[in-house]
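Take a look at this single chain in structure tokens; it is the form predicted alone.
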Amino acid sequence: MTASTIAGAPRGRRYFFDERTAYWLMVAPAALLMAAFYFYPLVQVLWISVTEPKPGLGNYAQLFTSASIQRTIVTTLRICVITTAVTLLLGYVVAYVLVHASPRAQRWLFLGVLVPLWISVLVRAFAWVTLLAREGLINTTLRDAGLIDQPIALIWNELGIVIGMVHYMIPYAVLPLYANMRDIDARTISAARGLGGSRFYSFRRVFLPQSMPGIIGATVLVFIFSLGFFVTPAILGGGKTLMIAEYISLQILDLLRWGLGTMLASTLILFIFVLLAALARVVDLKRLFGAG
């Protein structure tokens, strides 16, 4: 192999590989790890979905024929849409306050946003159980105050799942929204106000349109994360409301229907890839994930 000198290296030093070869040698270990521990398992999942219990597309046909699968998908989409909408609304308010807060207040607000990320999702789910149960803090307080006679069903249903998921997802909405709002030129708002626009009009016609990339990015991120949620729906749903991740776990671990479970997992992965492809056409994914 012909040795060559890498551009920028001190004169007189010679290397056995050119720049291109050295680059691929450096990324090869990471590429091999990705292939072995990420892509190969995905291929295995896809393979099982078309070979168990017998070769063919019979498992995928159940997407259109099985009432339980369709009911689970509809339930999952409904919960994810509600969770995304509520999370986006709350996250937008928090991000807006963050952008316009003083540096000292921003530090405290960021701490409040990020601390939940450091706490286990399992711990947070059981914390919500103590608050939302029939004899939990909320029902007990309302009953003692004379506002209710019977406990409100706040848990073991979709409402409890949505509450738990919104609590978990808010940081994932706040961060991309804040990154987008931070780059909005405050002088455009001042110009709108200077031309006679009210505070609300300036927000609606100037600030809100400029924050749309952040809104779109936060919406897709929260929705994608919500699709694969398992722990919170399993605990706060009490087994009465099945989402797709819990349904897949049930098929594989309890019923040993590997073909059906992997088919649903493959469909979920494909659906997420389609969403990401659609997102890439609207916003810069590198910037959204902090690489830009």
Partner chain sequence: MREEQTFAQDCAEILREDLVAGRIDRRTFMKGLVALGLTPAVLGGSAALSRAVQAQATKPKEVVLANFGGDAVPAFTDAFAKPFEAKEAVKLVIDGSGPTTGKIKAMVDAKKVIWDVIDSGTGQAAQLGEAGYLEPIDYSIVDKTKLDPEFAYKWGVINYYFSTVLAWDSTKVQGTPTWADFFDTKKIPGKRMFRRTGLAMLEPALMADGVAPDKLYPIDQKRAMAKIASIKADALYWNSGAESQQLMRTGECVMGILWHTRANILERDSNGRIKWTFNQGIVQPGIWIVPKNPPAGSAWAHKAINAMQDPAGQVLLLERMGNGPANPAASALVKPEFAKVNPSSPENLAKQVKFGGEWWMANQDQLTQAFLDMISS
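Treat the numbers as computed from the prediction; the structure is a model and nothing was measured. Residue numbers count along the first chain shown, from 1.
FYI, the form predicted in complex with the partner chain isn't displayed, but the following is about it.
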Report summary line: Answer key, the partner chain contact in the predicted bound form at 4.5 Å (heavy atoms) among I138, I73, V129, I189: the residue is V129
Query raised in the report: So which of P41, G239, G56, P53 reaches within 4.5 angstroms of the partner chain in the predicted bound form, heavy atom to heavy atom?
Result: G239
Query raised in the report: Should A30 be classed as touching the partner chain in the predicted bound form when contacts are defined as heavy atoms within 4.5 Å?
Result: no
Query raised in the report: So, in the predicted bound form, is Y60 in contact with the partner chain at a 4.5 angstroms heavy atom limit?
Result: no
Report task. With heavy atoms only and a cut-off of 4.5 Å, decide whether Y172 touches the partner chain in the predicted bound form. Result -> no
Query raised in the report: Looking in the predicted bound form, any heavy atom of A133 within 4.5 Å of the partner chain?
Result: yes
Query raised in the report: Any idea which of 32-40, 219-227, 261-269, 65-73 reaches within 4.5 Å of the partner chain in the predicted bound form, heavy atoms considered?
Result: 65-73
Query raised in the report: Though the partner is not shown here, which residues of 216-230 have a heavy atom within 4.5 Å of the partner chain in the predicted bound form?
Result: none
